[in-house]
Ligand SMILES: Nc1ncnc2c1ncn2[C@@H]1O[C@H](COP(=O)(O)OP(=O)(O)OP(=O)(O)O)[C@@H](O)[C@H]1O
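Let's start with one chain on its own, the form predicted alone, as structure tokens.
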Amino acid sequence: MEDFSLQDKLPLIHPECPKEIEMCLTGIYKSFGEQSVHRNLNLHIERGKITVIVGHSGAGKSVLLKYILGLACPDQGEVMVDGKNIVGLGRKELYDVRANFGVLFQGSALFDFMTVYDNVALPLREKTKLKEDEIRRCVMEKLDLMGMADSIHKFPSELSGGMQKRVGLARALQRDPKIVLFDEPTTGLDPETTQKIYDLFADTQAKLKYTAVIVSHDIPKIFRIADYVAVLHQGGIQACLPPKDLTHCGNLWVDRMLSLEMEGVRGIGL
């Protein structure tokens, strides 16, 4: 069998963790029982940029997001968020770190019994002491940014899949987070809607300047909005480079992945 693991021969974007780096995952090892998921994984996320994480099904892409949120701890290694190692932090300290995050889940995670307005207002009502008139101003501002200001009285069941993603993103951005995590955000959408949602992600990130981390299977479509693409395989990051540099990065597995995907072969589960 071919060995495509060349991670030790590929430099990361940044050899250290300077000020422009928002998050660093260093020396990460993780196993679930006898199944090893991550082995000496290293990844640096640059502040104010869009980093896309790709890899085959079961490679541990979503687990990386859980490390960053403090929802899962690696067996070994450090997860630095804005200069602080969050591994082993107490509940209150984690709460303070998570206040900097917004999350768009795979299924949007909207509450069916709430209107669009109430779904987007929920983070402000639960996490702040803002008065209702100020909450309304914030909600309408974000919904207008998403092109959803006319849908405040609708329920999620009355929205298309793309519209639900827009509402989910409005809610994720409600507290003006520094970092937004996207977990397979276009699952279930048709190709045309997927492209529109990616355009929306790029537009809002350019306007609000947050750091975006997107776990995605849409290769090569997602490359269009990515500043960096991190390729996860065999427990480690094989490459983390601008999309234009991936095709000649020297990693055989990355070359194989891209050639298959661009030929329309979906069988490797990316």
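We call the rigid core the largest set of C-alpha positions that still match within 1.5 Å between the two forms. In this text, residue numbers run from 1 along the sequence as written. Only a predicted model underlies this, so the values are computations on that prediction, with no experimental measurement involved.
One more form of this protein exists, namely the form predicted in complex with this ligand; it is left out here, but the text below deals with it.
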Check each of Ile219, Leu241, Val37, Leu208 and return the one that places a heavy atom within 4.5 angstroms of this ligand in the predicted complex. Val37
Quick one: which of 41 to 49, 198 to 206, 62 to 70, 222 to 230 gets within 4.5 Å of this ligand in the predicted complex, going by heavy atoms? 62 to 70
Contact test in the predicted complex: Gln106 vs this ligand, heavy atoms, 4.5 Å: yes
Partner contact for Tyr29 in the predicted complex: this ligand, 4.5 angstroms, heavy atom: no
Even though the chain is shown alone, can you say which residues of 168 to 206 have a heavy atom within 4.5 Å of this ligand in the predicted complex? Glu184
After a rigid core superposition, would you say the CA of Gly83 moves by 2 angstroms or more between this form and the one not shown, or not? no
Tell me whether Gly107 and Val63 end up closer or farther apart in the predicted complex, going by their C-alpha atoms; the shift is 3 Å or more. closer
Thinking of the 3 angstroms or more shift, are the C-alphas of Gly107 and Asp203 brought closer or pushed farther apart in the predicted complex than in this view? farther
